[in-house]
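What follows is a single chain, given as structure tokens, in the form predicted on its own.
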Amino acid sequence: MTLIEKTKKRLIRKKLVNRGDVLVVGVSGGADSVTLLYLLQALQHELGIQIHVAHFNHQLRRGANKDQVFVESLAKKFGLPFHTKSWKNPKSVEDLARKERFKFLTETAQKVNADAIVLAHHKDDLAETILMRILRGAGLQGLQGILSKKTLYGYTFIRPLLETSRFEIESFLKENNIPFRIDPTNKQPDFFRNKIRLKLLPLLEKEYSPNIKELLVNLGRNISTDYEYLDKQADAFFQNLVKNPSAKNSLQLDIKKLKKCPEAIERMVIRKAIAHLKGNTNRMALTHLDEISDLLDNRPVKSIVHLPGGIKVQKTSTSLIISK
């Protein structure tokens, strides 16, 4: 089965796209995103999809402008609409650069009325991400790794290449004589992900398990299946516990009902409440959830816990009030 056929099968099996969908495809010019663009354009008529090419110029390294010209010429070659934005703050760190790229992609999706944003994360990225999160002490939600389809802030993100390895991508490019840009920073072990890719994974493959990447991917898939079930259960509890579900700045959870929940569901409900108000649960650690549990079980009425992101949790005689 060719990579084009494999990608088509995955898109249909996972229900990642529908006929008539408008897709914004993030293309950096690197091997992964160039392969993604070639695959999607080869399938666009058969699947009935419309493609917009989006390139964010981070200006974090030499050659960034050449990357932009390369991607623009690629879009022109395929007769596809091209969208780009050049970052005006090149001295900032990569985490901020990713946020700016995300902002650009969502703004482009809104402008062209896109149904989804397509990214080129592949199987090796998934294995690296799961290993990174293990080392950072992530819980079940984080250990899912990268999801094939996810809705974030009202936008759908899809990743058709998560079952495709870096080797398959490189083979596809070589067999079809497809040029791509090389980011030299990917070879620098200064960044955490690069250390995982260049040092830790090769060590684990050599000394412990030659198929460590596959094992990590399987771990993520198993956790994702289990977490999906738990998340649906937590949703049902959340709806039953919240006294003012339409509120935007403050939610009240029924303490009596909350204490009857299994501990795993209790924590997921609290995380859902925080995400409802804040938009995410970034910087929420196990220590914060432990503190909320202590608030529920041991601390007196009117006690307050302050969380990252300006979130406050207060205990009353009947409710746990979570506000921002």
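Only a predicted model underlies this, so the values are computations on that prediction, with no experimental measurement involved. A residue's number is simply how far along the shown sequence it sits, counting from 1. Each form is matched to the other, and the largest set of C-alpha atoms that superpose within 1.5 Å is called the rigid core.
What comes next is about the form predicted together with another copy of the chain, which does not appear here.
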Inset, instruction - Heavy atom within 4.5 Å of another copy of the chain in the model of the complex: which of 63, 48, 262, 279 fits that? Just give me the one. - result: 262
Inset, instruction - Heavy atom within 4.5 Å of another copy of the chain in the model of the complex: which of 242, 97, 147, 204 fits that? Just give me the one. - result: 204
Legend entry - Site test, 219, 223 and 267 vs another copy of the chain in the model of the complex, non-hydrogen atom cutoff 4.5 Å: yes
Inset, instruction - Flag residue 212 as yes or no: does it have a non-hydrogen atom within 4.5 angstroms of any non-hydrogen atom of another copy of the chain in the model of the complex? - result: yes
Legend entry - Any non-hydrogen atom of residue 196 within 4.5 angstroms of another copy of the chain in the model of the complex: yes
Inset, instruction - Flag residue 275 as yes or no: does it have a non-hydrogen atom within 4.5 angstroms of any non-hydrogen atom of another copy of the chain in the model of the complex? - result: no
Inset, instruction - Check whether residue 182 has any heavy atom within 4.5 Å of a heavy atom of another copy of the chain in the model of the complex, and answer yes or no. - result: no
Inset, instruction - Please determine, with the chain shown alone, which of 112-120, 151-159, 164-172, 227-235 has non-hydrogen atoms within 4.5 Å of another copy of the chain in the model of the complex. - result: 227-235
Inset, instruction - Output the sequence-ordered list of residues from 124-153 with at least one heavy atom within 4.5 Å of another copy of the chain in the model of the complex. - result: 134, 135, 136, 137, 138, 139, 140, 143
Inset, instruction - Look at residue 286 and decide if its Cα position differs by 2 Å or more between this form and the one not shown after superposing on the rigid core. - result: yes
